[in-house]
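Next up: a single chain in structure tokens, the form predicted alone.
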């Protein structure tokens, strides 16, 4: 149900990793609440499907086929928003992920570096590019999508957990730096969500059971549930909230 406080009519949002999973759900929900959406991801066909669906429902969306780690990615995403819709009001840094699990002792440093580049460095570059436009907006918002791995030890995923924990710290520092410019910065912290990223954990019943045994609610979260959290953080419903982390993990991080 839509309310006045979560109405995004007239605002423009950049959403990275928007072709599927959490990013797609966020983009579609924002568009349903009236926002114009710039969709960034590597897969042009999947982006086209998302944009077409938004257009069919009367929303505004443009696609930018982009790898967020590319040097020109920040400029292309921001330029697309400015050219198509006149500015940037909301930035959702959702693109990220982890492609391997290994002990830190034997990890190749190239793997560490690539993980940090994707989940942290690329976000910093995009934030720097978007900040002048977010200031000009008068109600700029940044939502950084972190992970529950930022909040607790993650054996075999120290690289990913470290990147996502750094993103939470970045969120806090940036929130203080930009509050005077009218910008709010918060982190969205999902737990185990049923997406392609976690698909390998659902193909084996024993592995899946081990994962869900640690979740008090005993189920996977859905991308749509995470999108609702992103809407709260991006909209005026959270107008007095900045520098915080909204954890949606079924109770996982509450356990010892």
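These figures come from a predicted structure and were not determined experimentally. Residue numbers count along the first chain shown, from 1.
There is also a form predicted in complex with a small molecule; it is not shown, and the following applies to it.
message: When the small molecule is placed as it is in the predicted complex, are 19, 22 and 119 each within 4.5 Å of it, taking any non-hydrogen atom of the residue?
response: The answer is yes: all three residues contact the partner (heavy atom, 4.5 Å cut-off).
Residue stretch of 183-191, 28-36, 54-62, 227-235 approaching the small molecule in the predicted complex, non-hydrogen atom distance within 4.5 Å: Every other range fails; the passing one is 183-191.
- request: State the residue from 90, 145, 81, 163 whose non-hydrogen atoms include one within 4.5 Å of the small molecule in the predicted complex.
  value: Flagged contact: 145.
message: Although the partner isn't part of this model, could you tell me whether residue 214 comes within 4.5 Å of the small molecule in the predicted complex, counting any heavy atom of the residue?
response: No, residue 214 is distant from the partner.
query: Would residue 75 sit within 4.5 Å of the small molecule in the predicted complex, counting heavy atoms only?
result: Contact with the small molecule, no.
task: Verify the contact flag for residue 49: yes if a non-hydrogen atom of it lies within 4.5 Å of a non-hydrogen atom of the small molecule in the predicted complex, no if not.
output: Contact check for residue 49: no, nothing within 4.5 Å of the small molecule in the predicted complex.
message: Considering non-hydrogen atoms and a 4.5 Å limit, does the small molecule approach residue 97 in the predicted complex?
response: Within the cut-off, so yes.
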